[in-house]
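Below you will find one chain, with nothing else, as structure tokens; this is the form predicted on its own, and questions on how it binds or moves follow later.
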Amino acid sequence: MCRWLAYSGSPVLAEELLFKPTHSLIDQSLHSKLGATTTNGDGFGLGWYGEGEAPALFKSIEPAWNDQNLREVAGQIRTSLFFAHVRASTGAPVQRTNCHPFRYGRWMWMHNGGITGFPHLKRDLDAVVDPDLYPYIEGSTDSEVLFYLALTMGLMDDPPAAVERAVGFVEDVAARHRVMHPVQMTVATSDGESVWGFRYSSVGKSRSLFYSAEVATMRKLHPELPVLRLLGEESRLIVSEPLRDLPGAWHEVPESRWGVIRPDGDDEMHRFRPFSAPRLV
């Protein structure tokens, strides 16, 4: 499927996290250790918050490991919050509009996983997307539809509850179509200030997801890493796979959990419980 990285903290050059670690996201695009596929070469995307109100996006259908423009851009972008994603298509075409992250207003969204039987469920799922939001769907992926379902169900007001409603709705629609275990996901979403991460699957065997230990802890454990001197105490990473083999630096997100990283360091983690929305189709 896919691999992704979300960073929040003190401003840092994107290349420090995207290219320089031993098992960077670029390395994972060729040599994933924990993903459903070893190679994730069906495009990539980088999204970051800078001078404008909305995040900027840089996407391409080229493999991330072979795109010189990505290397150039990553060496010039200094930001306190960015998403990066390398894609392995689960069936949707390889085209720019299907590359993550997706954007609506100030919100970004990226996903690893899929909705089982999506072609059979798509009509019912699309029908529930708010008519004012629907024109902004650009691609043909299940990931983007899930994003717009979450927006429809209140993502901008209460992200965890909105994603629980969206996933619960997908599971309800799938049950009516006799599709088993429809949802497999790790998701990151942000409003430019906080980052929410989700790990869930209908079958209870979700794709891998990790978060970094506190920077102070990592400095004590691994003083040899110069990048740790660039990061403030509030800095955090959420990743599909650890970027380096550093004992004590990474914690696995438990099954069926959501968490939030806030700029003030007041982070949280809770159970993720999909629930049925009112029957809408």
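Position 1 is the first residue in the sequence shown; the rest follow in order. In this text the structure is predicted, and so the values were computed from the model without any measurement.
The protein also exists as the form predicted together with another copy of the chain; that form is not presented, and the subsequent description refers to it.
Picking from 248 to 256, 227 to 235, 213 to 221, 36 to 44 the stretch near another copy of the chain in the predicted complex, with a 4.5 Å limit on heavy atoms, gives 36 to 44. Residue contact check for G105: none of its heavy atoms lie within 4.5 Å of another copy of the chain in the predicted complex. The shortest heavy atom separation between D172 and another copy of the chain in the predicted complex exceeds 4.5 Å. Among heavy atoms of L13, some come within 4.5 Å of another copy of the chain in the predicted complex. Remark: G75 counts among the residues lining another copy of the chain in the predicted complex, judged by a heavy atom distance of 4.5 Å or less.
Residues P93, V94, Q95, R96, T97, R103 are the ones in 85 to 115 with at least one heavy atom within 4.5 Å of another copy of the chain in the predicted complex, listed in sequence order.
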